[in-house]
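Consider the single chain below, provided in structure tokens and representing the form predicted on its own.
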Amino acid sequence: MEKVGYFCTFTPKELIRAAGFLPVRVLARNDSVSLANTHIQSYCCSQVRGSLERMLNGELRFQGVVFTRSCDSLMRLADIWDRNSEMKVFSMEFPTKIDHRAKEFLIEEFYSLKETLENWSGREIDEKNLSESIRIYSELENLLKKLFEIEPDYHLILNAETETPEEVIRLLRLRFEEIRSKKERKKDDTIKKALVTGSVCPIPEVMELIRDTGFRIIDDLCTGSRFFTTFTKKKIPDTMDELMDFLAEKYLKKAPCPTKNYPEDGRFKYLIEKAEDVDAVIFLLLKFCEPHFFDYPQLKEKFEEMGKKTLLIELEFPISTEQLRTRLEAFYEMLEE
């Protein structure tokens, strides 16, 4: 199966799959960057520079790449990608202001993407293959949600973003069988809970460090629960217009992202609710990630008003894991004082 790359969780994977492609999220590696520095500023985040590095060194092989409007750096990466690769490029606008007018606009963008994908594949996206694509990704997302409520698995979430949904569903079912086969453990109320909120973290070892420090993770990451969390409950419809309406509502009602403007401080309310029962909040932010850093001062203040201890970790690849371990252990010890 040929692959189509995408960057943002607000990209409709269902349309890409319905066109006969495997949607593969483009993520940086935990490596230093050299080739990309000749094309993009050093003050762009590691996700943007690292993804460009992978393309320039020939690691990525895609029929095309879909860029979805989010941050400025990512949108400019679309232009650089188009000029420096043979891959087809499509830039999809996603509403920045999430209000009553957003759905109509987004449906039009989805139809434009549908037409583009059909041209790339030579295959029509009809009601049957689109509804099946929606169904299988809904199953995948529901299973991931259940797993993350038990214990987040950041290797599996990376699999979900880069492999066929059928394979990841198989792995998830095996994981649930393993969980059921274990002896029931008593709930340990002494374990400290931390809301980990932030941008892209495609390095599972970082999350394992947080867990190994002693925290139970409550997730709000772009490469974590924001990948699969949506607040629409509608059944999958039948006609193409209804299916497009379904997808638009699903993506507009995803877990809120700082690149969007939500009514009544929707993102802040969402995070405050998630933080009610935690002991601490860890901000895991990519260095130079402007949308997340714009939110950081106010969120930090609100969490501290709730009595939560906060820690800011700025990530830039490659990561010094030992330095990170030391900071996390010191933070955990402070909570126990």
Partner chain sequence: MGKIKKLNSTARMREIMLGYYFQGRQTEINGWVTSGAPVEFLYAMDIYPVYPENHGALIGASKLGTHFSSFAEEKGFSQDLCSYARCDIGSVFAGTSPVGGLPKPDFLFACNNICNTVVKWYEVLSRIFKVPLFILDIPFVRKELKESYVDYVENQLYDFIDFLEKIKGESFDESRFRKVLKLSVEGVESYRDVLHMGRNRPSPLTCFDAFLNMAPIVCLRGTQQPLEFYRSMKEELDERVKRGIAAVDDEKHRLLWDNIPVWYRLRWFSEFFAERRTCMVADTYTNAWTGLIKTGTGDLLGAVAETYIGIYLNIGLEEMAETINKLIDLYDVDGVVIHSNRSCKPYSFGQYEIQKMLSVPSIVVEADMTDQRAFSEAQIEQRLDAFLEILD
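A quick note: this is a predicted structure, and the numbers were derived from the prediction, not measured. Numbering follows the first chain given and starts at 1.
The form predicted in complex with its partner chain is left out here; the points below concern that form.
Enquirer: Even though the partner isn't displayed, in the predicted complex is G198 close enough to its partner chain, meaning a heavy atom within 4.5 Å?
Expert: G198: no contact with its partner chain in the predicted complex.
Enquirer: Does K192 make contact with its partner chain in the predicted complex, using a 4.5 Å heavy atom cut-off?
Expert: No, K192 is distant from the partner.
Enquirer: Please tell me whether any heavy atom belonging to F176 falls inside 4.5 Å of a heavy atom of its partner chain, as the geometry stands in the predicted complex.
Expert: Taking the distances in the predicted complex, the answer for F176 is no, it never comes within 4.5 Å of its partner chain.
Enquirer: Given that the partner is absent here, does C44 sit within 4.5 Å of its partner chain in the predicted complex, heavy atoms only?
Expert: Yes, C44 sits close enough to its partner chain in the predicted complex that at least one of its heavy atoms falls within 4.5 Å.
Enquirer: I need the one stretch from 230-238, 151-159, 95-103, 168-176 whose residues put non-hydrogen atoms within 4.5 angstroms of its partner chain in the predicted complex.
Expert: Result of the contact check: 95-103.
Enquirer: From the list N119, N129, N142, N84, which entry has a heavy atom within 4.5 Å of its partner chain in the predicted complex?
Expert: Partner contact (heavy atom, 4.5 Å) among the options: N84.
Enquirer: Which one of E163, D72, E205, D212 is close to its partner chain in the predicted complex, taking close to mean a heavy atom within 4.5 Å?
Expert: Checking each option against its partner chain in the predicted complex, the one that comes within 4.5 Å is D72.
Enquirer: Check each residue of 256-283 against its partner chain in the predicted complex and list those with a heavy atom within 4.5 Å, in sequence order.
Expert: Contacting residues: P258, K260, N261, D265, F268.
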